[in-house]
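Only one chain is given next, in structure tokens, and it is the form predicted on its own.
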């Protein structure tokens, strides 16, 4: 085996380009470094043929020859360094390869690739492990597979300490592996586990990992490395490997170990795959526009890409000159697979990104089983969506999140959101993200209270928030708009029932969505002055009061329903009385815990969901009052553009609604009874209609 090394004549820590270099500038002992390097090379020379390249003045990291390129079958792909501090090494390394008979294959484009530091062959197999995410670009991996006739497994590095693959990953003969799992994202860990069985993997400890125990140069059955704990040495001995400890402490100051200081020129023979496997890596061009910097929109987009295992390059960035203008960024997005790219594009589309590639038509696939969508279905968001059909761009109707898009086969196609359970055989569903675009609303100024701004208010801001909400409710009523209230039984327990009734009587509520509990407690209070047996005026339980809610249910059941009980005079006041007398629609969605239930309660969940969805159609505002499950369920049915007001004493409930993706949500953390009291008082000067 031939190994390429470079004497550390100019080695030192002169800059910081990785975490190991921090605090080490000017602290390298060059005489000790040279002695450590010479001892290492002498060890190599006893087993392998060692070749040297002349160091270049001004390139202190050139001794780390593993990064020079990747070789096999007398061909080499030389490095293109990400960091400008190392760019001066590219020409001398490339020239050396050419002079020594290698067929030099230069990478197209400008993507960085840092050689054997980020690309390691599984010895004796047509399998190349390739790292990305810190130094090397994912898109270069497709070139590697074609050049060497191998399968390429892309592994994303997520710990900046392990910035090259060879710092945390050492493939060994016999399909074995020495590695540090925490250096990789979950997808990459799964990819490793799928190809290397557990009995052929050694996961090193944190101590060994930070001592660069995975940075191994293997020569036959000898493993040269900086550090190995007794446990690791025993594990490797069971695999018949001899560990040779070669301390390179001075080089660790620059983030390099034993393997970093050496490059393999002759790989173990393997049967090349011909033709080379098609790379699964896919890429696309997207544009993100809006107030990208002051709202964090660009950071959010980039986080979406990296968290999904992709990578990106900002092709262009055009910043606005004024705060009221839009900025634009063009992104080159790469993913390790088509499925990964679709996941990324789908997420980016939901935050307003648009494809810069040719406008493709929507991909339609037929439903083959009732209630089951095609495998690659497009999942909708709350935001206005369009699909590109033969007839042009078509607005999607009944917009809601977590649905699919069905395109009806008419002469004038109609696209609409449909739930899984509503799908029928023969319908055509939009699949993947081709030909789909989403209109994402802009953020407003941080800290400004407005309905077009997702926010959560604490109790300190309740009065100011209530005044703004009341003002908006007046405007909605004046234009004959629609306000929907989603409420839980806490409204009654906290004394808010009379205030909600006044809102209904005043024409500020057009629909009430709730469960079985609220009307039961509301009616119990009207009949007996209690709620769950508690006298609300005194806050004390009454004798046998635990029966009161059951008695209320029983009496309504005897009347035949809530409307009948109101019309008969049995129910004389309260929220349900106001709904009936003001002809306000109410929908009661049942659950497994419901007593009775009331005759009006829909115990069929699908029918209840459908009734909720129908009730919120055309809503301008939805006021959610201390009912987490009903509120979240309603929120998931609600398209963008509807003002959501979530009031709850629990910050977690409020945050769930505020974080659903809508920018038109306001969360208020406070007692719902207090909120309704303040809201009713703020609206009390208005005459009901």
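Numbering follows the first chain given and starts at 1. Computed from a predicted structure; not experimentally measured.
Omitted from view is the form predicted together with a small molecule, to which the following refers.
- Against the small molecule in the predicted bound form, the set 18, 66 and 86 is in full contact: each member has a heavy atom within 4.5 Å.
- The partner is absent here; in the predicted bound form, the one residue of 171, 256, 489, 309 having a heavy atom within 4.5 Å of the small molecule is 256.
- Of the residues given (228, 587, 260, 301), 260 alone sits with a heavy atom within 4.5 Å of the small molecule in the predicted bound form.
- At the 4.5 Å threshold, heavy atoms of residue 117 reach the small molecule in the predicted bound form.
- Interface residue remark: residue 135 is counted as part of the site for the small molecule in the predicted bound form, having a heavy atom within 4.5 Å.
- The small molecule is not drawn, but in the predicted bound form it has no heavy atom within 4.5 Å of residue 522.
- Of the heavy atoms in residue 184, none are within 4.5 Å of the small molecule in the predicted bound form.
- Looking at 57-65, 26-34, 629-637, 41-49, the stretch with residues near the small molecule in the predicted bound form, meaning non-hydrogen atoms within 4.5 angstroms, turns out to be 57-65.
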